[in-house]
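To begin, one chain is listed below as structure tokens, in the form predicted on its own.
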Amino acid sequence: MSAVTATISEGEMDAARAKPALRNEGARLGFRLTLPAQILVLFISAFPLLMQLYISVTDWSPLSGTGWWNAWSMWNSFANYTDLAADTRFWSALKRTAIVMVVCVPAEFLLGLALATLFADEFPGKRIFYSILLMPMMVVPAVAGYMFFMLFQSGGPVNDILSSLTGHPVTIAWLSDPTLALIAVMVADIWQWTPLMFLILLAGLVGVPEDQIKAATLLGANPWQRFATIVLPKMKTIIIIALAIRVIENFKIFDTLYIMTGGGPGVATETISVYIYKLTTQDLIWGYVAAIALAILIVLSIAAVFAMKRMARTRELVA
């Protein structure tokens, strides 16, 4: 009996020793199988970035008469980056981008949160209104830009509505006025992307534990107290994600704005994306454009890392 027990024990020990070896072999096999895909993804990600870095320290352009692989012969000793620091048009475009972001993102967040709170409860026709509310997000940005371009014409529907309300003809040249043109662009952006914010926040709102809200109600908490002490803390991660997505996307605003104003009148609505587009297609100074794009990439990456750290810290506090 003892011999049989010893044999079984030895077999169990051998099986236990074999398990790590099998796991290691499985890991090595998995690595070998996914290696080609990993190399491809690395190439797709790294090559454009390295190419951009390479071009950004040269004066190369498509009109230089030489291939990009010979751009090293036009090395400019980081002059593009020093020019960037002194480029007043760049800083003005960045300032306008920041203004659009500071106005649009909070407006979209507050409207989206209000709508999400409303749609968290059941009411007649909820599905129909839900579908209607999501429709602006599904419109192609260029099409949305053309829609608002027509709406804000001097003889367009916006002025017609204002004429009806005031009782006398209103012929405001919305897209020809530097201030009003930027406001019109922001209205278009808020109209189109508030549904996205609403959708993300609604998903977070639905995930709040119902039992905690009911317990707070039984303890006498009013709606604002329930929202501030239970709903909002539980939604912090979702809120950070929603804000990060819209900040990054709003920073890249282009289609709607370019269709509506083309960056005009003059450069009154020229954001950083429009400025880069004009430098790329009109001035063809690709080395300088690469330097601008790389600088923006670094700034947005830092913002994304900050958002991720804040999100991780929020999760730890909630846990």
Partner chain sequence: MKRSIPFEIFRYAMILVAMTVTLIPILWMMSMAFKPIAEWSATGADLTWWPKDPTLSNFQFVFGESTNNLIVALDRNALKPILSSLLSAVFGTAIAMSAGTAAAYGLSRFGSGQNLPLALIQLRLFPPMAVMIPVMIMWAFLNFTDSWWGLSLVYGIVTLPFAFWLMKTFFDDVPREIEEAALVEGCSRLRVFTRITLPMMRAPLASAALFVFILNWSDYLIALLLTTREWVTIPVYMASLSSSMTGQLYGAKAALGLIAAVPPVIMGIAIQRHLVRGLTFGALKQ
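All values reported here derive from a predicted model rather than from experimental measurement. Numbering follows the first chain given and starts at 1. Here the rigid core means the biggest group of C-alpha atoms that line up within 1.5 Å when the two forms are laid on top of each other.
Another form, the form predicted in complex with the partner chain, is not on view; read the next lines as being about it.
Tell me, which of 248, 183, 172, 221 has a heavy atom within 4.5 angstroms of the partner chain in the predicted complex?
The residue in contact is 248.
Select from the listed residues 73, 179, 166, 131 the one whose heavy atoms reach within 4.5 Å of the partner chain in the predicted complex.
Checked against the cut-off, the match is 131.
Does every residue of 83, 227 and 232 put a non-hydrogen atom within 4.5 angstroms of the partner chain in the predicted complex?
Checked in the predicted complex: no contact with the partner chain for any of the three.
Region of this chain that lies against the partner chain in the predicted complex, out of 102-110, 89-97, 73-81, 239-247 [heavy atom, 4.5 Å]
One stretch meets the cut-off, namely 239-247.
Does at least one non-hydrogen atom of residue 280 fall within 4.5 angstroms of the partner chain in the predicted complex?
Result yes; residue 280 sits at the interface with the partner chain in the predicted complex.
Is residue 48 part of the interface with the partner chain in the predicted complex - any heavy atom within 4.5 Å?
Looking in the predicted complex, residue contacts with the partner chain include residue 48, since a heavy atom lies within 4.5 Å.
Decide whether residue 64 counts as a contact residue for the partner chain in the predicted complex under a heavy atom distance cut-off of 4.5 Å.
No.
Is residue 140 close to the partner chain in the predicted complex, meaning a heavy atom pair under 4.5 Å apart or at it?
So residue 140 counts as contacting the partner chain.
For the stretch 154-175, I need every residue with any heavy atom inside 4.5 Å of the partner chain in the predicted complex, listed N to C.
Counting only heavy atoms within 4.5 Å of the partner chain in the predicted complex, the contacting residues of 154-175 are 155, 156, 157, 160, 161.
For residue 266, is the C-alpha shift between this form and the one not shown 2 Å or more after core superposition?
No; residue 266 is a residue whose C-alpha shifts by less than 2 Å between this form and the one not shown when the cores are overlaid.
Core-aligned C-alpha movement of residue 41 between this form and the one not shown, 2 Å or more:
Shift of 2 Å or more: yes.
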